[in-house]
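Here's a solo chain for you in structure tokens, the form predicted alone.
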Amino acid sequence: MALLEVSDLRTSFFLRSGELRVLDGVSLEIQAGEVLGLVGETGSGKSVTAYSITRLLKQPGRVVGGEVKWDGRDLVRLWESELEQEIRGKEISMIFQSPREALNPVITVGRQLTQVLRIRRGMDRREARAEAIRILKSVYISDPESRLDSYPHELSGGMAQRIMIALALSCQPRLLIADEPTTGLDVTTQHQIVLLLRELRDRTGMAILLITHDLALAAQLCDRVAVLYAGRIAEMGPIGHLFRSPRHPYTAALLASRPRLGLQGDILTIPGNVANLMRPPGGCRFHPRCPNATQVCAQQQPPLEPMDPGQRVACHNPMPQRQELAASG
């Protein structure tokens, strides 16, 4: 049984102008110890998926359907008090896009970390401080004793992200949701954060849901990838299969639009605009931008079905399998 099972998750934002259907039937699963990447363009619903799973959505957003099963319990229907006391922060932790905004600016790093340890793990003051130092060391923060007395504004971007990771790890979660964990960091620091997350997964055995628009980052860290377009899963599969032989035209277009070494001329772009989620197109939501679209694409939503070389794809007219993979398979 999967650690986390998301089935037909639907989330809407109820605005004066109407219902914005941001997630429309998202289904995915994460196994224990696995790193699953959730990728897609800005506005595809990646962060909303994370906030829907943890029930951290702010109004006017609301989960309107589907299930989020954690150890057989549906988090969508769990009482908020149960979710807060038993799941959120203990079993499932989250690191956010902007660590400086997530950290309290008027409280020292040490106090924020020890408060979590004392409340969540029942430690006394001395135990909490010793454990806080150990956790900071585990995320490779130098001179952790002095860092406990620092305020968030005194930290570099990379240091603030490491503190955020330390806070997320303080209760030894089984699932870490990392929402764009390298946004705003320089290339060197991005690489360090990727290496840290990979090592933490190997050392602790926790699963990770990595939310990113950066396909290169997903390739470095993930075991599997789910490609999200306009609130629906377009394709899902092992990282090697999906990158070497994408079957959904949207996945192929995303991969073709990456900047890469040796590229001559302009970077390719995906024609058209992201679907209007207030008035989404019928059938496949990608069909107005899709080079493979036919009449059926505008009329029927394609189901997510198994497809060679090992993905699940929601497409009536998928890309052909790469010949070298078909020959070797």
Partner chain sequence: MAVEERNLIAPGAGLTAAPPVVGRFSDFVYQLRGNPATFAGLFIVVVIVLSALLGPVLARYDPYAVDLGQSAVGPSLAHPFGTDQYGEDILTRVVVAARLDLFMVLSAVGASMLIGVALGALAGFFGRFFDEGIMRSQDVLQAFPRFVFAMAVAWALGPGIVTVIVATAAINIPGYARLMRSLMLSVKETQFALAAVAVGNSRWRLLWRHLLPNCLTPIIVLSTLQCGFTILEAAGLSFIGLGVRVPQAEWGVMIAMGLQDFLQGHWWIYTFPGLAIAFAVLGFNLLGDGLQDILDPKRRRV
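Remember, it's a predicted structure, so these values are computed and weren't measured experimentally. Residue numbers count along the first chain shown, from 1.
The same protein has a further form, the form predicted in complex with the partner chain, not shown here; the description that follows concerns it.
The closest non-hydrogen atom of residue 102 lies within 4.5 Å of the partner chain in the predicted bound form. Interface residue remark: residue 237 is not counted as part of the site for the partner chain in the predicted bound form, having no heavy atom within 4.5 Å. Using a 4.5 angstroms threshold between heavy atoms, residue 120 counts as touching the partner chain in the predicted bound form. In the predicted bound form, the partner chain sits beyond 4.5 Å of every heavy atom of residue 241.
Proximity to the partner chain in the predicted bound form, defined as a heavy atom within 4.5 Å, singles out one entry of 232, 174, 162, 224, which is 162. Screening 217, 141, 206, 254 for any heavy atom within 4.5 Å of the partner chain in the predicted bound form leaves a single hit, 141.
Contact here is defined as any heavy atom lying within 4.5 Å of the partner chain in the predicted bound form, and by that definition each of 98, 167 and 199 is a contact residue. The stretch in contact with the partner chain in the predicted bound form, judged by heavy atoms within 4.5 Å, is 107-115, chosen from 224-232, 207-215, 107-115, 71-79. Along 65-96, a non-hydrogen atom within 4.5 Å of the partner chain in the predicted bound form is carried by 80, 84, 88, 89, 92, 93, 94, 96, in order along the sequence.
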